[in-house]
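Shown next are two forms of a single protein chain, provided one at a time as structure tokens under the names structure 1 and structure 2.
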Structure 1
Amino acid sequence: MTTIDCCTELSGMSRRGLLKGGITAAGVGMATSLFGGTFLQASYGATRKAGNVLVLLSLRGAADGLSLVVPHADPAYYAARPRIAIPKASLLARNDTFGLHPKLAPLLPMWQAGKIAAVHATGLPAPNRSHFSAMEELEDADPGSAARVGWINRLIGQDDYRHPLQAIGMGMSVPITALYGPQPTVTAASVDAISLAGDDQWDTADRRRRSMQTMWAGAGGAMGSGARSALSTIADFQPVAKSSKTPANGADYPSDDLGQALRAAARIIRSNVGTDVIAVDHDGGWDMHTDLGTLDWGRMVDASSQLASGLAAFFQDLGSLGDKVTVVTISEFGRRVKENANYGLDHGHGNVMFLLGAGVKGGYYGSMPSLTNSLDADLPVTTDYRSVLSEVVTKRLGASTAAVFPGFAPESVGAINV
């Protein structure tokens, strides 16, 4: 057992009131979105200054939490994984129960500074071993409703501010379920993608932009609203587009997709365009049915290195701006306790979530059950993932749990300071 702390999850409510007042004063656009219907809005009000920022980092493919944060004191872990278990002596930041995968070393300074929490045995309340349906369930986070609206979309719908830049999926082309819903959001593969071809210095009469607005003003469906969001976002995104591509503070991002998405996220935060939430994905090959491997070879050393070096560069780049940025990692489910014949692990249930940065009280959290060494054994879930997210959205973004996670009563995790 490694449960820590108590605290009032509702403590954010008063903050939220304050935040909301500030937003309204900043001016609200002509918000007339009708989701799924004809959405005729062509422009928004000015962007506001951003407050605290949440970065949701999704580890797609079901990462093995038992390799990332190893329960070294449990003999069943070593018995179940004769080839791929990580020796206790190699673990970082070890306490009596847990230790970190050695390839998370780039994050060790932050860990030691108390800026990283690891909450173990988290996940969906009941096992769902389908990647696709588990991601959908996890990100929809409203089991009582048939409407496909993601929790981030509900989160940004909590105030009166209405602007597509309030929540951005960066480094991706397809909006993730968590972003999906009636609030306009932006999903973009890169910073450079947000510009209109032909809207250039030779177009002195502004014909390109005007003609495109005419063409798409009445277009129906997702295509129409997508085009209108795109055309109306470009001008407000200019501070990001014009910001320096060189990271600050000597940060050196890895060249992989996650590193580049985080680099873009830092530019967005630095440019202060009113963004509350940034979602990034790590499609790092986490679905390790085969060749998860050992500390010498395999997919886990690669994926965990990418994860740690990307995040370390991100916080180095942000510098003091990091004081308002909280990163949460999530994965659709964890993997089995016992290794299979291919140096890999099949689909399981419980997993670890990391919280990094602003407001985080570092250390290990969560109630860790004893593991079982049998073919089908999972890491059971003792903390609903929504309890972890609730703490972040209430304490950092001033939202209400009831609105973001309808019908859910969170338990205290204690990993976020008030």
Structure 2
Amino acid sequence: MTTIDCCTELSGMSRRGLLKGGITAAGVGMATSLFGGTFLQASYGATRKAGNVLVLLSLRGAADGLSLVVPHADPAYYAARPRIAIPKASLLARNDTFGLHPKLAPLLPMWQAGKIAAVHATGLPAPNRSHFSAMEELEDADPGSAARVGWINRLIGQDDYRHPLQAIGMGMSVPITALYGPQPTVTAASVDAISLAGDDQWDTADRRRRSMQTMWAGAGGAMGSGARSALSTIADFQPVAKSSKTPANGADYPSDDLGQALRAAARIIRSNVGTDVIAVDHDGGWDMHTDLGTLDWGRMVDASSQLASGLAAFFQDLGSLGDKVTVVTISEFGRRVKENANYGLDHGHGNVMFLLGAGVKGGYYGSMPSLTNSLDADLPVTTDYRSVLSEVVTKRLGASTAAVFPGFAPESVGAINV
């Protein structure tokens, strides 16, 4: 039997792989998404103050929701996973039906405070086992439309404010599909990447910035307006760039990619540059065809530890600012119910979504179906993922579900109060 760490498809499209492919902070063009009318934006005024903030955390690779939130009351779960099932006695926040993976312990104080909800059996309405295709479908969220406009782009287009900093992709080198569209957005690998190359401590006479402004000030066409847009965005981002890199309130982020992206997100929120949405990717090795493992070893203990430690540090860092920040986790699909021969799980369908922070009514949600112990059994989806997102965008950000998720009629989930 062939042993693989993850799908060839996923490894080939890894955002870190793309970053290694050479996208760097050269010049000013990287600061602004180069899609549609975005590139035609000429300049922007001062940023507004942000209201409530949504942080979308994508668990790339299809996380196993049945390991993160374990349906311990279903005997099929233990029958299907004789080697990798998590013992009931080890689960955290256990009720009669569910319990949390033990490595989510850093989030337990927030759970006990009613600040975390888990919505199980969520996902796309029909199975899609291709990472690339499922991500596209999930983030486009407009089935049947040929327009390349993601749901976050539609969301920020609901008001008359237009600024690239309104939605930021952080910790990645290319925009995710959800950010695509006519509204200007920014995607960058780090806070430091949103800068003008050469405008540094050695340029004491400010020559680099002034020369770029002179060169592009009267330039016509898309290149000229795009360059001016990027220069303006870099200038408006300075409160973030100049903010302290030291987390507040004693927060200690893990050194992995997720921890650093969330630390950057906290700096953006604290600097209040008018950002409504921050998208963060976690390429944490969630595509666990092999070595998902047990509680003593394996990739799930590592990935779930990174997830919990990063999020716990993020909210500790934010302190009272966390009262306006809601985090939603999402993954392109879940895993099969039954373990394979490699201590892993193959591509499935339903999954779990977490909601954390402001407005969240803590606890377990969703209609959990009975599991089936067979080779090709999935966790069926009983809650369309758009219903979960709809509660957040309507109750926290005041947007119209019909505009953000065209043609979709959401069902009530109940995980968001206000």
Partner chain sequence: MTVLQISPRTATKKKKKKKKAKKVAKTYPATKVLDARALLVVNRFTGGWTPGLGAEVTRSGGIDKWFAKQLSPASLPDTFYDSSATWWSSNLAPALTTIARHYAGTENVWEANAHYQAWSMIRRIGSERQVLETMANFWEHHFHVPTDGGQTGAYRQEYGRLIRRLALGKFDELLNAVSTDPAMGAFLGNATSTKSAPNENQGRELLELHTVGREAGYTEDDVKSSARILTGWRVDLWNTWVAAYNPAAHWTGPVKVLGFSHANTSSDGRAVTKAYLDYLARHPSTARRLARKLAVHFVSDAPSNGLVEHLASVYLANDTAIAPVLKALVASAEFKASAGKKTRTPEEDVIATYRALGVKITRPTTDEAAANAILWQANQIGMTPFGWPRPDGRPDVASAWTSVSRMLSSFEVHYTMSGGWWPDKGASYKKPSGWLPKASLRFDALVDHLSRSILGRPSTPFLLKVASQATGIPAAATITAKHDLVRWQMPRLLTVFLDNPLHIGR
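FYI, numbering is relative to structure 1, first residue = 1. By rigid core we mean the largest C-alpha set that fits within 1.5 Å across both forms. Every value quoted in this text rests on a predicted model; they were computed, and no experiment measured them.
Only structure 2 of the pair represents the form predicted on its own.
In the two-part rigid motion between the two structures, Arg81 and Val186 are assigned to the same rigid part, each C-alpha being placed with the superposition that fits it better.
Rigid-body analysis between the two structures: the smaller part rotates 31° against the larger, C-alpha superposition.
In this core superposition, Ser229 moves its Cα by 3.9 Å between the two structures.
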